[in-house]
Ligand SMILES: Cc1cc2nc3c(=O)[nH]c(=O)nc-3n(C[C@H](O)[C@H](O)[C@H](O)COP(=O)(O)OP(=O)(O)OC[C@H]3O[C@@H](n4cnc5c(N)ncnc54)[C@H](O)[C@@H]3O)c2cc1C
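A single chain, nothing else alongside it, follows as structure tokens in the form predicted alone.
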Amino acid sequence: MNGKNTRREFLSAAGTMAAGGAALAASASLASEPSAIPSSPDHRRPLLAEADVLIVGGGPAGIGAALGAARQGAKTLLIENHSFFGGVAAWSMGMQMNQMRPGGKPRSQVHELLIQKLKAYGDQAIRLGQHEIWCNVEYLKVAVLDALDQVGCRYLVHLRAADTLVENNRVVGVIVATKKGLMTLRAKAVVDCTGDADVAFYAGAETMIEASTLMPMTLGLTVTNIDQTKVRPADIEKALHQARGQHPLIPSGFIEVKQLAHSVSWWINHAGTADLGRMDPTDVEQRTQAECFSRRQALQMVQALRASDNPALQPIEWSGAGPQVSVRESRRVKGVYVITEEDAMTGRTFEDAIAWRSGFLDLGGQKDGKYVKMQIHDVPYRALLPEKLDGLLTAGRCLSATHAGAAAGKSMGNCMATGHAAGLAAALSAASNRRPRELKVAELQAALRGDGVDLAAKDREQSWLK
């Protein structure tokens, strides 16, 4: 594995530091005990809030973590950089949330709570599939709020994590950028659901990123004014592929078109930045290039449809695009255990299983660009725990896994499941003043079963994979 990174930035402020002004080491040898990573300096930022459990990032993993922790009775705070929750489920403009109901069966009470809140708004809000749900993202944004309110979870938006508070090798909060400047959030346990492992990275945890195999980023878009008696999704896909000569930004790879819930609008998912090569979402220059390229790419796709020689496509209108590109892969935290491709393909089980993942192995253009069917496999609790840092759990696509191991489980329902487990673990740890790594897995597993999670491999529904 290559591209391992650590980060612990120490701020030097003349006149505010302790006498002597001794320089602190920018990096230290990592060890399993609390002396490995130095404590954060005293930033002296105003305290904005305190909580038992702080969850950073409001995508599917963060939603699962927040609902799981708050249902357990923990004083829970969920923060999000954008003005709404949903993460890639909202940014992708209606792309299906896979693995929400594998085999058509409820996956957990947490998954079902969000689904029920969507169903309360009717058919235009949600359409159920074999394992996935399609939803109108505007309804989704409100349904998430409804679910959070029901379980008593506090939430704040427009807060970006800017640094992590570390004391004696234990994460105790984050520094957030607000309109009033930098402020402090403190908690007994913190869950990193940022997708890019921001909290862990800022704290100095070892992270993994394989630049040569990174999956592409994609800006989701929706189109409307479609006569569905005359137009099929395949017609749009064909027209876009044929138009690349006149509109060269249209991706040469896959293009997928589906109906947006039960509406007359359709969403378009596609290969995004794949033609630009491997791009690192954590690199500011590459991320800027990806975002700006993707806006022009979406425009060319709409222009191509309206200029098509198929008269049924010419009335199509561009109805929207995501607020940012959807990222499939970036940094992942090196945990006590690293999930591998072999784990995913062989359906491996673990004694410390706290979730399971199902779906397809998506290697982002590798293996002829095909999705490879994987087996349902366990996620061990050890994969949520940074190897050499306390007080922090990770969930979603930044948990501990190789490139292929991460690709195998990034579906939104899977991310929500690992978030659910991380949130519960954080709540149980906070209630007993234990570090997350001191938590007895059997206790966590019992709480998960109480929330409707089936951890028994023999009982899992796999027929949908056929």
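Keep in mind that this is a model prediction, so the values were computed, not measured. In this text, residue numbers run from 1 along the sequence as written.
Missing here is the form predicted in complex with the ligand; even so, the following discussion is about that form.
In the predicted complex, at least one heavy atom of residue 95 sits within 4.5 Å of a heavy atom of the ligand. Contact annotation for residue 218: at least one heavy atom lies within 4.5 Å of the ligand in the predicted complex.
Taking the partner from elsewhere, residue 60 is found to have a heavy atom lying within 4.5 Å of the ligand in the predicted complex. Looking at residue 198, you'd find a heavy atom of it within 4.5 angstroms of the ligand in the predicted complex. In plain terms, the part of the chain that comes close to the ligand in the predicted complex, with a heavy atom within 4.5 Å, is 83 to 91 out of 68 to 76, 83 to 91, 303 to 311, 181 to 189. Candidate site formed by 169, 386 and 437: none of these residues places a non-hydrogen atom within 4.5 angstroms of the ligand in the predicted complex.
The single contact residue among 261, 290, 257, 327, judged by any heavy atom lying within 4.5 Å of the ligand in the predicted complex, is 327. Annotation for 149 to 188: interface residues with the ligand in the predicted complex are 159, 160, 161 [heavy atom within 4.5 Å].
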